[in-house]
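First structure 1, then structure 2: two forms of the same chain, each alone, as C-alpha coordinates.
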Structure 1
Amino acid sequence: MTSAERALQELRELILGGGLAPGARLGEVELAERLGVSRTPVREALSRLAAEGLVEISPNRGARVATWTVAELEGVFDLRMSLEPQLTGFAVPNASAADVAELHELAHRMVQVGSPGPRQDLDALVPLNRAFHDRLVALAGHPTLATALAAAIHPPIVRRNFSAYDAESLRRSLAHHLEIVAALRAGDARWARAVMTAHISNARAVMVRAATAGTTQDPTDEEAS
(Lines of atoms letter the chains of each structure in order from A and count residues from 1; the text may use other names and numbers.)
(Lines give C-alpha, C1' and ligand atoms only; values in the text may rest on other atoms or scores of the structure.)
Protein backbone atom coordinates (compact mmCIF):
# COMPACT_ATOMS: atom_id res chain seq x y z
CA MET A 1 0.00 0.00 0.00
CA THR A 2 1.27 3.45 -0.88
CA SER A 3 1.91 6.20 1.62
CA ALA A 4 -0.66 8.41 -0.03
CA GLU A 5 -3.34 5.79 0.53
CA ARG A 6 -2.32 5.38 4.13
CA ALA A 7 -2.47 9.13 4.64
CA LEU A 8 -5.85 9.23 2.92
CA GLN A 9 -7.38 6.54 5.09
CA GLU A 10 -5.85 7.85 8.28
CA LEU A 11 -7.05 11.37 7.62
CA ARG A 12 -10.50 10.11 6.74
CA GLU A 13 -10.66 8.16 9.97
CA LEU A 14 -9.46 11.18 11.87
CA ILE A 15 -12.13 13.43 10.41
CA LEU A 16 -14.99 10.93 10.52
CA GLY A 17 -14.01 9.81 13.99
CA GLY A 18 -14.15 13.32 15.29
CA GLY A 19 -10.43 13.65 15.92
CA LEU A 20 -10.45 16.78 13.79
CA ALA A 21 -13.26 19.24 14.40
CA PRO A 22 -15.09 20.79 11.43
CA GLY A 23 -13.36 23.99 10.43
CA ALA A 24 -10.03 22.88 11.87
CA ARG A 25 -6.98 23.99 9.95
CA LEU A 26 -5.05 21.28 8.12
CA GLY A 27 -1.47 22.40 7.71
CA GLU A 28 0.51 20.25 5.33
CA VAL A 29 3.70 20.09 7.39
CA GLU A 30 1.80 19.40 10.58
CA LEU A 31 -0.08 16.50 9.01
CA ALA A 32 3.07 15.27 7.34
CA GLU A 33 5.01 14.84 10.54
CA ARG A 34 1.92 13.60 12.34
CA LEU A 35 1.56 10.81 9.79
CA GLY A 36 5.28 10.25 9.41
CA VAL A 37 5.43 10.96 5.68
CA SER A 38 6.45 13.81 3.42
CA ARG A 39 4.23 16.63 2.27
CA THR A 40 3.68 15.11 -1.16
CA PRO A 41 1.41 12.21 -0.17
CA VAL A 42 -0.34 14.50 2.30
CA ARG A 43 -1.12 16.89 -0.52
CA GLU A 44 -2.50 14.07 -2.62
CA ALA A 45 -4.63 12.83 0.26
CA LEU A 46 -5.99 16.30 0.93
CA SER A 47 -6.80 16.74 -2.73
CA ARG A 48 -8.77 13.52 -2.83
CA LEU A 49 -10.54 14.29 0.43
CA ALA A 50 -11.54 17.61 -1.07
CA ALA A 51 -13.03 15.76 -4.01
CA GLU A 52 -14.96 13.62 -1.54
CA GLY A 53 -16.22 16.74 0.15
CA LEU A 54 -14.61 16.08 3.51
CA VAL A 55 -12.19 19.00 3.38
CA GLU A 56 -12.29 22.36 1.66
CA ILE A 57 -9.26 23.83 -0.06
CA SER A 58 -8.76 27.50 -0.81
CA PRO A 59 -5.94 28.30 -3.23
CA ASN A 60 -2.82 29.48 -1.42
CA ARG A 61 -4.73 29.39 1.83
CA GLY A 62 -4.61 25.76 2.73
CA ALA A 63 -7.16 23.15 3.69
CA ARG A 64 -9.73 23.01 6.45
CA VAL A 65 -12.11 20.29 7.58
CA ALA A 66 -15.37 20.94 5.75
CA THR A 67 -18.29 22.45 7.60
CA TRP A 68 -21.95 22.05 6.74
CA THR A 69 -24.86 24.32 7.26
CA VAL A 70 -28.27 23.00 8.21
CA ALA A 71 -29.44 23.67 4.65
CA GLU A 72 -26.65 21.50 3.26
CA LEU A 73 -27.46 18.78 5.75
CA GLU A 74 -31.07 18.83 4.59
CA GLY A 75 -29.82 18.70 1.02
CA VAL A 76 -27.90 15.55 1.79
CA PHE A 77 -31.02 13.98 3.18
CA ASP A 78 -32.93 14.95 0.04
CA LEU A 79 -30.33 13.06 -1.90
CA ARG A 80 -30.52 10.05 0.37
CA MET A 81 -34.29 10.11 0.03
CA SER A 82 -33.88 9.95 -3.73
CA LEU A 83 -31.33 7.16 -3.77
CA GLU A 84 -31.61 4.81 -0.82
CA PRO A 85 -35.22 3.73 -1.36
CA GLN A 86 -34.35 3.06 -4.98
CA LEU A 87 -31.35 0.97 -3.96
CA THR A 88 -33.43 -0.90 -1.42
CA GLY A 89 -35.95 -1.69 -4.11
CA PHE A 90 -33.22 -3.04 -6.36
CA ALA A 91 -31.99 -5.22 -3.52
CA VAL A 92 -35.29 -7.05 -3.13
CA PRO A 93 -35.09 -9.46 -6.07
CA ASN A 94 -31.42 -10.16 -5.35
CA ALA A 95 -31.82 -11.12 -1.71
CA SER A 96 -31.28 -14.81 -1.05
CA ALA A 97 -32.57 -16.55 2.07
CA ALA A 98 -29.07 -16.37 3.51
CA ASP A 99 -28.93 -12.64 2.89
CA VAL A 100 -32.26 -12.13 4.59
CA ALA A 101 -31.10 -14.19 7.56
CA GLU A 102 -27.94 -12.15 7.83
CA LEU A 103 -29.78 -8.86 7.69
CA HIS A 104 -32.28 -10.13 10.23
CA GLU A 105 -29.42 -11.05 12.54
CA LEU A 106 -28.00 -7.54 12.23
CA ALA A 107 -31.35 -5.87 12.81
CA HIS A 108 -32.03 -8.11 15.79
CA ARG A 109 -28.70 -7.35 17.40
CA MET A 110 -29.32 -3.66 16.87
CA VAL A 111 -32.59 -3.97 18.76
CA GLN A 112 -30.83 -5.75 21.61
CA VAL A 113 -28.00 -3.26 21.80
CA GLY A 114 -30.07 -0.17 21.15
CA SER A 115 -33.09 -0.70 23.36
CA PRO A 116 -33.17 1.48 26.49
CA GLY A 117 -31.94 -0.27 29.61
CA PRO A 118 -28.71 -1.28 31.30
CA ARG A 119 -27.44 -3.10 28.22
CA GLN A 120 -27.86 -0.12 25.91
CA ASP A 121 -24.68 0.73 24.03
CA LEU A 122 -25.16 3.49 21.48
CA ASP A 123 -21.57 3.31 20.27
CA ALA A 124 -21.95 -0.36 19.38
CA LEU A 125 -24.92 0.63 17.27
CA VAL A 126 -22.85 2.56 14.76
CA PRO A 127 -20.96 -0.33 13.16
CA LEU A 128 -24.04 -2.52 13.15
CA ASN A 129 -26.08 0.17 11.46
CA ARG A 130 -23.36 0.72 8.94
CA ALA A 131 -23.07 -3.00 8.25
CA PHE A 132 -26.81 -3.25 7.72
CA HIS A 133 -26.98 -0.41 5.24
CA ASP A 134 -23.81 -1.46 3.45
CA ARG A 135 -25.12 -4.99 3.08
CA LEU A 136 -28.33 -3.66 1.64
CA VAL A 137 -26.52 -1.40 -0.80
CA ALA A 138 -24.29 -4.27 -1.89
CA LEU A 139 -27.34 -6.42 -2.52
CA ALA A 140 -28.73 -3.81 -4.88
CA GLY A 141 -25.85 -4.54 -7.22
CA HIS A 142 -25.86 -1.01 -8.55
CA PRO A 143 -22.36 0.52 -8.31
CA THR A 144 -23.30 3.84 -9.85
CA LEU A 145 -26.11 4.62 -7.45
CA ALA A 146 -24.04 3.24 -4.59
CA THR A 147 -21.12 5.50 -5.41
CA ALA A 148 -23.28 8.58 -5.66
CA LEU A 149 -24.87 7.72 -2.33
CA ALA A 150 -21.55 7.10 -0.61
CA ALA A 151 -20.22 10.42 -1.83
CA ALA A 152 -23.20 12.17 -0.33
CA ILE A 153 -23.30 10.28 2.94
CA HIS A 154 -19.69 10.73 3.94
CA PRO A 155 -19.78 14.35 5.03
CA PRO A 156 -22.62 14.32 7.56
CA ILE A 157 -21.45 11.03 8.98
CA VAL A 158 -19.04 13.06 11.04
CA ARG A 159 -21.41 13.21 13.92
CA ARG A 160 -23.11 9.99 13.05
CA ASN A 161 -23.43 8.73 16.57
CA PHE A 162 -26.85 7.82 17.81
CA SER A 163 -26.77 10.11 20.80
CA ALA A 164 -28.93 12.61 18.93
CA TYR A 165 -31.81 10.12 18.80
CA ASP A 166 -34.52 10.47 21.41
CA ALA A 167 -36.07 7.23 22.65
CA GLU A 168 -39.07 7.44 20.36
CA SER A 169 -37.08 8.08 17.17
CA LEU A 170 -34.56 5.40 18.05
CA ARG A 171 -37.30 2.84 18.58
CA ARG A 172 -38.75 3.78 15.20
CA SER A 173 -35.36 3.47 13.54
CA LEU A 174 -34.74 0.01 14.96
CA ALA A 175 -38.22 -1.12 13.99
CA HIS A 176 -37.62 0.10 10.44
CA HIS A 177 -34.64 -2.22 10.06
CA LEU A 178 -36.71 -5.20 11.04
CA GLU A 179 -39.51 -4.11 8.76
CA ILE A 180 -37.14 -3.78 5.83
CA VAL A 181 -36.05 -7.35 6.43
CA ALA A 182 -39.68 -8.39 6.45
CA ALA A 183 -40.26 -6.64 3.14
CA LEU A 184 -37.21 -8.38 1.68
CA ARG A 185 -38.47 -11.73 2.87
CA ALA A 186 -41.84 -11.00 1.30
CA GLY A 187 -40.15 -9.97 -1.94
CA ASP A 188 -42.09 -6.72 -1.93
CA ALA A 189 -39.94 -3.99 -3.42
CA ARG A 190 -42.56 -1.28 -2.99
CA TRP A 191 -42.87 -2.08 0.70
CA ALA A 192 -39.12 -2.01 1.15
CA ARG A 193 -38.83 1.33 -0.63
CA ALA A 194 -41.57 2.83 1.51
CA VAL A 195 -40.00 1.73 4.76
CA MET A 196 -36.61 3.03 3.70
CA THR A 197 -38.18 6.36 2.82
CA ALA A 198 -39.73 6.49 6.28
CA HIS A 199 -36.43 5.43 7.83
CA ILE A 200 -34.55 8.31 6.25
CA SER A 201 -37.31 10.79 6.99
CA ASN A 202 -37.03 9.82 10.63
CA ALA A 203 -33.27 10.22 10.56
CA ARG A 204 -33.59 13.55 8.80
CA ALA A 205 -35.88 14.89 11.49
CA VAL A 206 -33.48 13.80 14.21
CA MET A 207 -30.34 15.15 12.57
CA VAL A 208 -31.86 18.47 11.57
CA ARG A 209 -33.15 18.98 15.07
CA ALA A 210 -29.75 18.13 16.53
CA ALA A 211 -27.97 20.43 14.09
CA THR A 212 -30.35 23.29 14.76
CA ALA A 213 -30.01 22.91 18.51
CA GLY A 214 -26.27 22.37 18.45
CA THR A 215 -25.39 25.53 16.58
CA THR A 216 -23.68 26.74 19.72
CA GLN A 217 -20.94 24.13 19.56
CA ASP A 218 -17.44 25.56 19.59
CA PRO A 219 -16.22 26.67 16.15
CA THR A 220 -12.74 27.13 17.54
CA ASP A 221 -9.74 26.01 15.58
CA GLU A 222 -7.26 23.62 17.06
CA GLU A 223 -4.54 26.17 17.25
CA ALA A 224 -3.01 24.95 20.46
CA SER A 225 0.25 26.84 20.12
Structure 2
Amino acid sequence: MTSAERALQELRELILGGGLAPGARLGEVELAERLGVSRTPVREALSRLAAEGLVEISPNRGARVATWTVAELEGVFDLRMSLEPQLTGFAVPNASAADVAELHELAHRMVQVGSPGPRQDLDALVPLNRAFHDRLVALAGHPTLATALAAAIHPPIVRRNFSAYDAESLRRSLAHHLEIVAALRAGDARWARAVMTAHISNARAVMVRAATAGTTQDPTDEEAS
Protein backbone atom coordinates (compact mmCIF):
# COMPACT_ATOMS: atom_id res chain seq x y z
CA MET A 1 0.00 0.00 0.00
CA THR A 2 1.38 3.40 -0.98
CA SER A 3 1.48 6.35 1.39
CA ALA A 4 -1.40 7.99 -0.49
CA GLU A 5 -3.52 4.81 -0.31
CA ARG A 6 -2.82 4.43 3.40
CA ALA A 7 -3.66 8.08 4.05
CA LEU A 8 -6.88 7.70 2.06
CA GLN A 9 -7.92 4.59 3.97
CA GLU A 10 -7.13 6.02 7.40
CA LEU A 11 -8.80 9.36 6.74
CA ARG A 12 -11.91 7.66 5.34
CA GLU A 13 -12.14 5.47 8.45
CA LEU A 14 -11.67 8.48 10.74
CA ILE A 15 -14.46 10.38 9.01
CA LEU A 16 -16.94 7.52 8.79
CA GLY A 17 -16.14 6.37 12.31
CA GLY A 18 -16.61 9.81 13.82
CA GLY A 19 -12.95 10.40 14.66
CA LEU A 20 -13.13 13.49 12.46
CA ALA A 21 -16.46 15.20 13.01
CA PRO A 22 -18.63 16.90 10.37
CA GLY A 23 -17.29 20.39 9.74
CA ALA A 24 -13.87 19.67 11.25
CA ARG A 25 -10.99 21.49 9.53
CA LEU A 26 -8.56 19.19 7.73
CA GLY A 27 -5.16 20.86 7.77
CA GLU A 28 -2.57 19.10 5.63
CA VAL A 29 0.28 19.68 8.08
CA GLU A 30 -1.67 18.39 11.09
CA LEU A 31 -2.98 15.37 9.20
CA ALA A 32 0.47 14.52 7.83
CA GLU A 33 1.85 14.49 11.38
CA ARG A 34 -1.11 12.46 12.65
CA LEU A 35 -0.79 9.85 9.91
CA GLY A 36 3.00 9.79 9.75
CA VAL A 37 3.22 10.71 6.07
CA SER A 38 4.23 13.76 4.02
CA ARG A 39 1.78 16.42 2.88
CA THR A 40 1.60 15.13 -0.70
CA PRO A 41 -0.21 11.84 0.15
CA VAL A 42 -2.55 13.79 2.42
CA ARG A 43 -3.35 16.23 -0.38
CA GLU A 44 -4.07 13.33 -2.76
CA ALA A 45 -6.24 11.61 -0.16
CA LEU A 46 -8.26 14.77 0.49
CA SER A 47 -8.88 15.16 -3.23
CA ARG A 48 -10.15 11.58 -3.46
CA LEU A 49 -12.37 12.02 -0.42
CA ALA A 50 -13.80 15.20 -1.91
CA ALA A 51 -14.77 13.19 -5.00
CA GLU A 52 -16.48 10.67 -2.70
CA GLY A 53 -18.45 13.44 -1.00
CA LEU A 54 -16.81 12.99 2.39
CA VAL A 55 -14.72 16.17 2.25
CA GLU A 56 -15.49 19.70 1.12
CA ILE A 57 -12.63 21.79 -0.34
CA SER A 58 -13.00 25.52 -0.90
CA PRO A 59 -10.40 28.12 -1.89
CA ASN A 60 -11.06 30.29 1.16
CA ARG A 61 -11.66 27.73 3.90
CA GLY A 62 -9.46 24.86 2.81
CA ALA A 63 -10.62 21.29 3.45
CA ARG A 64 -13.26 20.30 5.96
CA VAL A 65 -15.25 17.16 6.71
CA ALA A 66 -18.47 17.38 4.71
CA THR A 67 -21.66 18.36 6.50
CA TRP A 68 -25.32 18.03 5.54
CA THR A 69 -28.10 20.27 6.70
CA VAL A 70 -31.35 18.91 8.07
CA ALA A 71 -33.09 20.07 4.89
CA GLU A 72 -30.58 18.18 2.71
CA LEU A 73 -31.04 15.01 4.76
CA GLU A 74 -34.83 15.35 4.57
CA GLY A 75 -34.56 15.69 0.80
CA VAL A 76 -32.47 12.53 0.49
CA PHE A 77 -34.91 10.52 2.57
CA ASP A 78 -37.96 11.97 0.79
CA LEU A 79 -36.52 10.67 -2.49
CA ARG A 80 -35.73 7.29 -0.97
CA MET A 81 -39.26 7.09 0.44
CA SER A 82 -40.78 7.69 -2.99
CA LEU A 83 -38.61 5.12 -4.78
CA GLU A 84 -37.28 2.34 -2.57
CA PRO A 85 -40.59 0.92 -1.24
CA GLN A 86 -41.84 0.72 -4.84
CA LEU A 87 -38.73 -1.16 -5.93
CA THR A 88 -39.05 -3.51 -2.96
CA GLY A 89 -42.62 -4.29 -3.92
CA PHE A 90 -41.61 -4.93 -7.52
CA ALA A 91 -38.93 -7.35 -6.29
CA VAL A 92 -41.45 -9.66 -4.60
CA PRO A 93 -42.84 -11.52 -7.65
CA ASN A 94 -39.35 -11.79 -9.18
CA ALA A 95 -37.64 -13.31 -6.13
CA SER A 96 -36.91 -17.03 -6.47
CA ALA A 97 -36.41 -19.35 -3.52
CA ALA A 98 -32.65 -18.98 -4.04
CA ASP A 99 -32.96 -15.17 -3.99
CA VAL A 100 -34.94 -15.29 -0.76
CA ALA A 101 -32.35 -17.61 0.78
CA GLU A 102 -29.55 -15.25 -0.24
CA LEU A 103 -31.34 -12.25 1.26
CA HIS A 104 -32.11 -14.19 4.42
CA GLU A 105 -28.42 -15.03 4.81
CA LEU A 106 -27.47 -11.36 4.38
CA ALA A 107 -30.11 -10.26 6.91
CA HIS A 108 -28.99 -12.93 9.38
CA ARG A 109 -25.34 -11.92 9.05
CA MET A 110 -26.30 -8.29 9.60
CA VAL A 111 -27.95 -9.23 12.88
CA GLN A 112 -24.82 -11.14 13.89
CA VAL A 113 -22.36 -8.33 13.23
CA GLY A 114 -24.59 -5.32 13.86
CA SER A 115 -26.43 -6.14 17.06
CA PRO A 116 -25.30 -3.93 19.96
CA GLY A 117 -22.81 -5.66 22.22
CA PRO A 118 -19.11 -6.53 22.55
CA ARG A 119 -19.04 -8.32 19.18
CA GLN A 120 -20.62 -5.50 17.19
CA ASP A 121 -18.74 -4.64 13.99
CA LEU A 122 -20.29 -1.69 12.15
CA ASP A 123 -17.54 -1.77 9.52
CA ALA A 124 -18.68 -5.28 8.55
CA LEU A 125 -22.34 -4.22 8.65
CA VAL A 126 -22.02 -1.52 5.97
CA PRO A 127 -21.21 -3.79 2.96
CA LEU A 128 -23.79 -6.36 4.04
CA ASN A 129 -26.46 -3.68 4.22
CA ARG A 130 -25.47 -2.33 0.81
CA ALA A 131 -25.55 -5.83 -0.69
CA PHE A 132 -29.04 -6.44 0.74
CA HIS A 133 -30.51 -3.23 -0.65
CA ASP A 134 -28.71 -3.59 -3.98
CA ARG A 135 -30.09 -7.12 -4.37
CA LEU A 136 -33.64 -5.92 -3.84
CA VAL A 137 -33.17 -3.19 -6.43
CA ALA A 138 -31.74 -5.68 -8.92
CA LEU A 139 -34.66 -8.07 -8.38
CA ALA A 140 -37.17 -5.27 -9.00
CA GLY A 141 -36.19 -5.17 -12.67
CA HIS A 142 -36.90 -1.46 -13.10
CA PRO A 143 -33.65 0.14 -14.31
CA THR A 144 -35.15 3.63 -14.62
CA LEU A 145 -36.27 3.70 -10.99
CA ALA A 146 -33.01 2.07 -9.95
CA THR A 147 -31.03 4.83 -11.65
CA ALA A 148 -33.17 7.49 -9.99
CA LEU A 149 -32.62 5.88 -6.59
CA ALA A 150 -28.86 5.69 -7.11
CA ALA A 151 -28.83 9.39 -7.93
CA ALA A 152 -30.95 10.19 -4.87
CA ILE A 153 -28.80 8.39 -2.35
CA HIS A 154 -25.67 10.11 -1.09
CA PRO A 155 -23.27 7.25 -0.24
CA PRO A 156 -21.48 9.19 2.52
CA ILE A 157 -24.78 9.72 4.33
CA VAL A 158 -25.72 6.05 4.07
CA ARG A 159 -22.25 4.86 5.11
CA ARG A 160 -22.06 7.23 8.05
CA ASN A 161 -25.50 6.62 9.49
CA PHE A 162 -24.87 3.39 11.39
CA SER A 163 -22.55 5.22 13.79
CA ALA A 164 -25.45 7.59 14.58
CA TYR A 165 -27.88 4.82 15.58
CA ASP A 166 -28.79 4.24 19.20
CA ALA A 167 -29.16 0.61 20.27
CA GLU A 168 -32.96 0.55 19.95
CA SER A 169 -33.02 2.13 16.49
CA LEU A 170 -30.31 -0.21 15.25
CA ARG A 171 -32.11 -3.32 16.49
CA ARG A 172 -35.25 -2.05 14.77
CA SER A 173 -33.36 -1.54 11.51
CA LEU A 174 -31.84 -5.03 11.63
CA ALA A 175 -35.26 -6.55 12.33
CA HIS A 176 -36.69 -4.77 9.28
CA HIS A 177 -34.33 -6.68 6.99
CA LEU A 178 -35.56 -10.00 8.37
CA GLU A 179 -39.18 -8.91 8.02
CA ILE A 180 -38.64 -7.86 4.41
CA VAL A 181 -37.33 -11.36 3.73
CA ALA A 182 -40.46 -12.79 5.39
CA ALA A 183 -42.64 -10.65 3.11
CA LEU A 184 -40.70 -11.87 0.07
CA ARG A 185 -41.11 -15.47 1.18
CA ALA A 186 -44.86 -14.90 1.60
CA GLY A 187 -45.08 -13.25 -1.82
CA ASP A 188 -46.72 -10.19 -0.25
CA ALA A 189 -45.65 -7.01 -2.06
CA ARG A 190 -47.82 -4.75 0.11
CA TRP A 191 -46.16 -6.07 3.26
CA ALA A 192 -42.70 -5.63 1.74
CA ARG A 193 -43.43 -2.02 0.75
CA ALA A 194 -44.76 -1.23 4.21
CA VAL A 195 -41.69 -2.60 5.97
CA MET A 196 -39.31 -0.75 3.66
CA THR A 197 -41.25 2.45 4.34
CA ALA A 198 -40.83 1.90 8.08
CA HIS A 199 -37.16 1.06 7.54
CA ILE A 200 -36.45 4.33 5.74
CA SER A 201 -38.50 6.29 8.29
CA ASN A 202 -36.36 4.82 11.07
CA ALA A 203 -33.15 5.85 9.28
CA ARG A 204 -34.54 9.33 8.61
CA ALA A 205 -35.35 9.85 12.29
CA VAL A 206 -31.84 8.78 13.31
CA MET A 207 -30.04 11.02 10.84
CA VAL A 208 -32.22 14.09 11.35
CA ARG A 209 -31.86 13.76 15.13
CA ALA A 210 -28.08 13.55 14.78
CA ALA A 211 -27.96 16.53 12.42
CA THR A 212 -30.23 18.60 14.66
CA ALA A 213 -28.05 17.83 17.68
CA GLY A 214 -25.00 18.94 15.70
CA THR A 215 -26.51 22.35 14.94
CA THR A 216 -26.90 23.10 18.64
CA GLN A 217 -23.15 22.95 19.25
CA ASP A 218 -20.74 25.82 19.04
CA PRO A 219 -19.98 26.33 15.30
CA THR A 220 -16.48 27.55 16.21
CA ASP A 221 -15.66 24.18 17.78
CA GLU A 222 -13.65 22.35 15.12
CA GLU A 223 -14.34 18.96 16.74
CA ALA A 224 -18.09 19.41 17.21
CA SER A 225 -20.22 16.64 15.71
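In this text, rigid core is short for the largest set of C-alphas that superpose within 1.5 Å between two forms. Fair warning: this is a prediction, and the values are worked out from it, not measured in the lab. Reference numbering: structure 1, starting with residue 1.
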Students should recognise the form predicted on its own as structure 2
Report the entry in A131, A50, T69, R43 that lies at the hinge, where the C-alphas stop fitting one rigid part best and start fitting the other, between structures 1 and 2.
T69
Relative rotation of the two rigid parts between structures 1 and 2, taken as the smaller one's turn in degrees:
37
Taking the rigid core as the frame of reference, how far in Å is the Cα of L54 displaced between structures 1 and 2?
8.9
